[in-house]
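We've got the same protein chain twice here, in two forms, each standing alone as structure tokens: structure 1 and structure 2.
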Structure 1
């Protein structure tokens, strides 16, 4: 056996001598070129993917990427040029179809080519900053087909033509459109926009400009808006079907601009059908449509709001200054409430409760309700009417609803203190004559006023209620302690705390002896239990129920005022009395006495007295008799109840004067309060602070504030600064 020597093995790489055939690149390329041709000729099935891939791979590997790439470009380009010709040759309808078909083919081809050339795509192309194959394919398509001079404009026009036809009602091939548009989108947003969208928008603008002009000439506002809405919806639908989603906002703004924004003023102010007419006729649907359309354009809602506001202000102003309306305060306020309801409805149903519209409504109401200085009085009269009879039989919830609505009107008032004054007067009359329909309703309203204006506003009103209750208890106590009085006339006394009730100067009146004795007993009873108080009879505010038997035996129960009672009782002792005698006996002041006699002698159905002469006015020499012939359908006859009425001119002046006088100390108190805390403040800021503090109750007049400031300077509460005369200083 031979000795086997250890020998070092070396395994060397198999050095395969690659013989670079000079013609190698050309040959390889030819193969690939051929393949591309086949692919474009729909003959790809005969090709071997693996072989082609390897060929391409080798070319790149052996540094022939450049050749491969440029070959690709030129081959593809030449194919595309042919394709272009065939598309150009297509006639009419088939143009788009041909284009679409060729595009699909191209995409398929491109896919395959890209797969084959994937190695190049991943190595040669990036490192040489060349366009990747797929993108290249799209660009070449774009440059050779889409931007070909014979195709470019034809394509655009065809597309626009189709859109136009669809707009005029024809049915078009949406699928085809979608594909073509998608093609443009795939080619890049620049292509889509430049080659289609831009022109599409321009043409659309033109179209809608013309159409809107046509419509506006022949349609009324409501119809026009319907059409505009329809068009808008169409365009949105069009986009979803075959355009780029990003176009939606662009095309809708074109429609909005052309159909709405450009015609807004004309639409809104259109005679007989514009916004104002819609408001008047409660056209909720039309208004809602207008709202939805206008909110899309700048200043659309602003326009609606402005027109609505000015209309409302105008209407409101007429309402409150119309002399006819002012004759009946209850009707006046009802009309205001109706108007408010109407607009609340409109804002709710058509303007989707838009807050800015609600604010506009509030501002308008605030504006015109305060144009009439009697608004506070009238609102109080309205409430008075409701609480006397209007709310009879109304359910609790409905009562609340009505009162809440009244509170809304109350909030709009600038001069809330005037309302307070009247409300007090009217409440007093209601309470004293026992004429209120529902105690609960009364209290409910007081609570609402308290919530709105604070405790001080309602403390006196509440005091009035307390007095009524206390008086009831007092009466019970009185009769309990004087059982012997059960037989005689029944006395009901209401003890009113001065200061809570509206002041009235009490006047003289001689009560008939039966009554005065009774009253004295009450007085001593009361003062016995409440020392240190003073009572004064308010004979001008009372009433009495009397049983009367007339000449033919007819019996009636008469409800009369205290004054009237005094007069009538005189006739128990005399057949005939003249004016002077009555005056002397009763000591009732002349104007009241005359009114009282008039109501009993000169009013049909209430003439329990007969007067000679039969004139309407009371003369000093007139004589009075009991009217034996008096008759009435009713057993109970009401004569001269003290009902709250609209004030006469002089009374109104007086009330207003009192209100003005009351305001002065309030202004001064506010001034002192503010200056005390600020120490030093300039004129303008002081005025605005005072106004702010008082505006819950009333709007102070700046001139009046100035006068109060000067009065405070006089009385050494404030001084002017030496250097800056506009600055005030608080003097401790």
Structure 2
């Protein structure tokens, strides 16, 4: 194979030159031109597309592409000029129908022509940078039909007129509109935008400007918003039916600007129907509509939020500063809870649980609850009322709901330590008088407080419950070791740890001899079983059950305080006693004694004593004797039950003083903690850090922080910098 001689193949040109008929191009073009005319005249069925394709192919092959292309342009242009005249001649509503019909015809013709000239489309056009046949057909339609001087403005006006008619309630041919708009879009986005959309948006803006002005003059806010919402939905629907999808955002912006953004202040402040009225009347549907419409425009939700916050702060301020409402603490707190429930419901149902609105609500409540210095006390009184009697017969779930609501108000308090002081006092009274409805509810609230504020906040409260349980065990042990005490008076002692319970001024009182002996036996027993402890009797915190027989042998069991028992026992040995004699015999402090006598002699239905002269107040010259005519339909009668009362002014000052004293070590501890970790810190930053650390419990006063800093400097915990006196250093 390798030895064989290699052969070279050569292709030679024709020896005779191929001569093309000089009239070939004209003849062939004439055939193609005739075919284009026939296509436009709807006579294409008799044409041989294969032959026509071959003719076009040969023309391009023989370098007559330019002749073919320019011939196509002039033929199509002349046809389109004729079509233009026929469209111009159409009158009234048939104008768009004629335009649509001719457009469809042109598209079909263009499809056939493109098939015939496919070879030119694929070879000649790309290499010579010409416009492809289909695109060329669209451009020629645009220039000769759409941009024709007699059609362009007429088309625009007709389309805008139809949109206007539809807006005013007429039914139009949406299918025809869709076809015409699609034609503009097919001709290119620039044609759709310049020849229709731009003008459509301008006319729409004017339409809605006029309409919104008309509506706002004659409608209330709720009605206006309904109309605005309806118009917005109509425009969105219009886009889906016959406009370009990209027009939606543009036309909705026009409606939003003209119908909502331009009238926002007037709408929210509209007299008798604006935002405040909607809030007052719980108009969830209108509020929801306002929220959904206003959220579409810049600063819309901010406007609603500001008006709502301003209204809420104003009503809240009135609520917490109205002297009438401050008379009943339970009602005061209930109103706060009702207000919170109301706005929670509005934000949930109308404002899509919007976090920014929830924050605004929280800030408003924090603002006005702390305007009233007695809010911590009142919230504690509300809890006291609920846990004494308000939760009787209420299911566990409902109890939890009420306690959660209380905790929510508690979170708003800046002075949480003041609440703790009052809560402790009220809890002590509930536990000692056995008046708590449910131990579970009490413990549940303490757990919630512990979760919110930490162990320190509730350790003493938990200690109070521990004391109550321990006291029960102690009493069982006492009676077990003294079986002889089965007869006679029964003693129940609660031994309270001094640090855990609210401090009470220890006041002396002469107990009746029967009780005094029993108390001494308990003291001996207790100190015998516990070493290193000291007992002091808090007679002002106790109570007693007594059996009493009145005139005509009427018997009752009286539930009284220890002081009242001491007074009543005196009448076993005397018919009549004056105030001075009672005071001398019992040694009860004068204010307590007067209150005690008042509750037994001046309260209708509880007046087991009578006094002379009869008056509401107790005087030092008054004389007292047993009311033989006392009667009650109940066998057991409660007299002067210890209830949580609002504090008197001196008591309030004393509580405030105790709170301030308790704060001092906490401020100092925070100062030392911060300075220990930072070593050196300037005055302003130190104040800021201390406030930040303590705000969970209370808002420290900068003046008090300054005093504590001075105290720490005196005790060599801190020192001032020698150069910069505002700089502090920590001394290890």
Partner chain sequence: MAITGARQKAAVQALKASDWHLEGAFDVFYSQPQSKTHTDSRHLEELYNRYKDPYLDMIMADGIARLCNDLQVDPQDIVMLVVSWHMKAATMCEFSKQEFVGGLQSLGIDSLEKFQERIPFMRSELKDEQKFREIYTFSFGWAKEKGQKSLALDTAIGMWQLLFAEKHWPLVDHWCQFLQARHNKAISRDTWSQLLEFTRTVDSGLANYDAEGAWPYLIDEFVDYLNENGVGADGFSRTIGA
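Numbering follows the first chain given and starts at 1. Please read all numbers here as calculations on a predicted model, not as lab measurements. Note that the rigid core is defined as the largest set of C-alphas that superpose within 1.5 Å between two forms.
- Matching the description of the form predicted in complex with the partner chain is structure 1; structure 2 comes from elsewhere.
- Shown in the overlay between the two structures, fitted on the rigid core, is a CA shift at residue 129 smaller than 2 Å.
- After superposition on the rigid core, the Cα of residue 277 moves by less than 2 Å between the two structures.
- With the core held fixed between the two structures, residue 631 has its Cα displaced by at least 2 Å.
- Core superposition places the C-alpha of residue 724 2.9 Å apart between the two structures.
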